[in-house]
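Below sits a lone chain in structure tokens, taken as the form predicted alone.
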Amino acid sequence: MLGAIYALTAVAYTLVYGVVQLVNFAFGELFMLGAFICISLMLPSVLLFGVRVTMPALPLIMAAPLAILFVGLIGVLMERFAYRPLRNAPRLAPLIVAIGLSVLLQSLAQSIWGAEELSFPEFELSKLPPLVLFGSIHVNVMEIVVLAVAIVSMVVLTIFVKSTRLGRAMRATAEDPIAARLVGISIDRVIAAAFLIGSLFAALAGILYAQAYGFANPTMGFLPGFKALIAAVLGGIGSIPGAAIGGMLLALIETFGAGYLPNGSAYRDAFGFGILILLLMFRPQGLLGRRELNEAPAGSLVGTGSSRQQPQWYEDAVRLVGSWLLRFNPGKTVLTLGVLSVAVAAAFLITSDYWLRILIFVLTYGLLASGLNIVVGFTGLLDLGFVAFWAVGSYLTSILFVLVLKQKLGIAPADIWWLFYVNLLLGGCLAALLGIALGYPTLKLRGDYLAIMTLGFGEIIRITATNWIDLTRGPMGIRGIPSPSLFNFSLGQPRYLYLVGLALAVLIFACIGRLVRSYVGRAWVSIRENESAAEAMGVDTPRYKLFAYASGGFVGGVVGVFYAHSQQYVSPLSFTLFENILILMLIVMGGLGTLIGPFIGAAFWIIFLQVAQDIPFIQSHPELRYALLGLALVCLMIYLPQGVAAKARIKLTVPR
């Protein structure tokens, strides 16, 4: 049954990818919306935005089709207003929009229905007694219904794609969109149909999942959505039979691994990601997929400008801001020292510990975004597992200070204050080695497959931290991490923590600035702009890719050590995929491939979170802050894809 649900959602991914080569991460949220809308239509009343609203209390056989059609309409609207303007944009732009839509829909669902679970109502089929096979195997009727619905749906879709006029148009568009347009096929209509059908399948899978497990919640589509993506890659993304096979295989691997391997149930979710990594290493096209889909077009960033014509006042404003930001680089000593002086003065002029901690968060996330910017912004490799490096630095110093030295050896943290500074380097070096180890298997991958593989690595690290309780204390986390000290002087006050973070920011900012202006940085930029051309010109692309992963990992490890001591607590909840997505959003907002962009993005987001708390409606529905973030990201990709500090990236590609 679980395999059938994975297969249905995998069909949604594979259908859209086969036509437009786009991984629509928002299918996990459409999966969730299908369940919520169906349950709402089946109930006599439901709380929406905290207000009790009367509903029609329809039977499942009527509520499910209505919910599926409504979600299909949402999918079509997403394609029309979010993806179509980016049809000719480089690959990273629609991927970021997909992530932004995912955040937007999940946050909206939390605001509309609340964060609590919504129970699936009883219906006639669910009351039937289970069937008994061979005297000992009990099978629920709904499990059979799920399998039957999945099989019938995929058979009908296969016939539709192979036999109907629209299906043949979809196959022609997937094969060669330019030739398809030349022979009179409406590409817009075909792509809209692919999004419509994919959304219908995602909603159907969500309804079946909700009735099987008896509930729906706003985050329910996250993990099944990514499992379905794994299933699609396993079977061969772009192949409908492959999606069905991949879903069944993934469910079998998870179920038997959880049942028979030692402590298998704790690591159940990691099995799928492990299989994904092995598959992408040795057969990236999957069981039934095409090898050419593992290719990325030249220019892996977000292009050179907006895909839409903007008003003159808008262009003038962007040019004015960009011209100022262009002056802010390590070569402009006077301006740099002036900004640094203001940042140092803020530590003494701001008397509120609350706002000083806000500035610490700005520095922390700005530094994390700077580390990811090395890999994504300068080298053009979409990394969705960067939080693993952050986690390595945090857990290294936490385990050494608390679990080993304090608890096992009985050494007071004040006696070993210098270890914090050693751990900054040690954590960075360990994370850099991990970056090389994780980056090596990805060297042959490009585009979306690279993003999917790094996502798998990041999730495996998080799952390991959650379940290796003897080492990490699991979900409880590690408490009592000492604040930094300098000899006998404690740096635990927010003012001093801010100054320590500022010193790290200046050092890392200067090192990255020197690095990207060196031969290494120019090699990274050449890989970002056109990897094939870089190889033809003699650039050792595997070597410089690994160096990019190591450099980004080093920054992540250093920041992880500082983060652990500034917060005095770490847990796996700090290193989720959402955090990685958030860090990616920050560098996109500020400007990919710029030095100052990550800090601009971090300042905008952290300060926006605080200011939004004063808005009455957002006070009642705090999840809307993240919905606004997702909406802002979508609009940014459409209207200002280069980010706020776009002009500051020009100097990095022009030789001096």
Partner chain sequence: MTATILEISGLTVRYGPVRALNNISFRVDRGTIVALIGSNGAGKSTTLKALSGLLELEGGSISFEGEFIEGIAAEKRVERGMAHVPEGRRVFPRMSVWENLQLGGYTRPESEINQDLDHVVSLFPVLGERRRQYAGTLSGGEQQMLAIGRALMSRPRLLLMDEPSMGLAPQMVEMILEKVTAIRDEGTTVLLVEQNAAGAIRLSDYVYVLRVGEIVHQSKGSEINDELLKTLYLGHDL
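Numbering follows the first chain given and starts at 1. This is a predicted model, so every value here is computed, not measured.
Below: the form predicted together with the partner chain, not depicted.
**Student:** Only one of these stretches, 510-518, 458-466, 273-281, 159-167, has heavy atoms within 4.5 Å of the partner chain in the predicted complex; which one is it?
**Tutor:** The contacting stretch here is 159-167.
**Student:** Asp176, Glu535, Asp353, Asp415: which sits within 4.5 Å of the partner chain in the predicted complex by any heavy atom?
**Tutor:** When the partner chain is considered in the predicted complex, the option within 4.5 Å is Asp176.
**Student:** I need to confirm a contact call. Of Arg189, Lys408, Arg543, Lys444, which residue comes within 4.5 Å of the partner chain in the predicted complex, counting heavy atoms only?
**Tutor:** The residue from Arg189, Lys408, Arg543, Lys444 that makes the contact is Arg189.
**Student:** Might Val149 be said to contact the partner chain in the predicted complex, defining contact as any heavy atom within 4.5 Å?
**Tutor:** The answer is no: Val149 has no heavy atom within 4.5 Å of the partner chain.
**Student:** Using a 4.5 Å heavy atom cut-off, state whether Arg87 contacts the partner chain in the predicted complex.
**Tutor:** Looking in the predicted complex, residue contacts with the partner chain do not include Arg87, since no heavy atom lies within 4.5 Å.
**Student:** Taking heavy atoms only, is Pro262 within 4.5 angstroms of the partner chain in the predicted complex?
**Tutor:** The answer is no: Pro262 has no heavy atom within 4.5 Å of the partner chain.
**Student:** Is Ala437 a contact residue for the partner chain in the predicted complex, using a 4.5 Å heavy atom cut-off?
**Tutor:** Although the partner chain is absent here, Ala437 would stay clear of it in the predicted complex, with no heavy atoms inside 4.5 Å.
**Student:** In sequence order, which positions of 576-599 have a non-hydrogen atom within 4.5 Å of the partner chain in the predicted complex?
**Tutor:** Not one residue comes within 4.5 Å of the partner.
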